[in-house]
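This document opens with one chain alone, in structure tokens, the form predicted on its own.
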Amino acid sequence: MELILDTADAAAVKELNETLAITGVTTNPTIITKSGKTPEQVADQMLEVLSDDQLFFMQAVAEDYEGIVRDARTICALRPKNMYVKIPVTPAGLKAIKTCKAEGLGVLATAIYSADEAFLAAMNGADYLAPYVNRMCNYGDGVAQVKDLLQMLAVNGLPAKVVAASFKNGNQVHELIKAGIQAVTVPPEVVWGMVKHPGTQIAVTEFTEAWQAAFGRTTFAA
């Protein structure tokens, strides 16, 4: 499974990159505007902390077909490889996905609210599909819809990877990992919530206290 961070904070990416096996980073227009940085600054800072083998995703902002394709070309030109444009699955976006894939660009279909939208984007050649899991729960069972999507892709032999997005909590991530999701994109704070279980630190503290009481030190080596 690919673990992708959903953020415009390069420092947070660097910190988690040192701790976990991070596949890459996704951003979107809202995340970037809330960061207080320009998209150029976000791109420059992120590409400084990501290796050439890690993926980077930025989103087209234009809503019309020509504008989306133009944004896509600009985004995918930011680096020689492992650069992807995120394109919402509107009618114009679906049309743009076909064009971008014909040009050999990396594409993530985004703003997905149903398994059917995602499946059609996969038929148009999208490399990744980003269903908005928690937002989908406003219209039904988001986790169940993503599980349906995984089955639909497998039955029809489509190679697109599902990168589940828009999580409220770690349990939603857990359920989709259990279902065999290919990728998730998660805010750094949710990832840390998955890592920092309070019971683990309690156990470590007990070990250290026992060791210190017996041997007068807090390391194995004397």
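Everything numeric here is computed off the predicted structure, so don't read it as measured data. One rule holds for the numbers: they count along the sequence shown, beginning at 1.
The same protein also has a form predicted in complex with a small molecule, omitted here; what follows describes it.
- Interface membership of K101, defined by any non-hydrogen atom within 4.5 Å of the small molecule in the model of the complex, is ruled out.
- Not displayed here, the small molecule is kept clear of Q172 by more than 4.5 Å at the level of heavy atoms in the model of the complex.
- In the model of the complex, the small molecule stays beyond 4.5 Å of every heavy atom belonging to M58.
- Under a 4.5 angstroms non-hydrogen atom cutoff, the small molecule in the model of the complex has Y132 among its neighbouring residues.
- Contact check at 4.5 Å (heavy atoms) against the small molecule in the model of the complex: all three of D6, N28 and A165 pass.
- Per the 4.5 Å heavy atom criterion, the small molecule in the model of the complex is contacted by stretch 132-140, the sole one of 89-97, 146-154, 132-140, 116-124.
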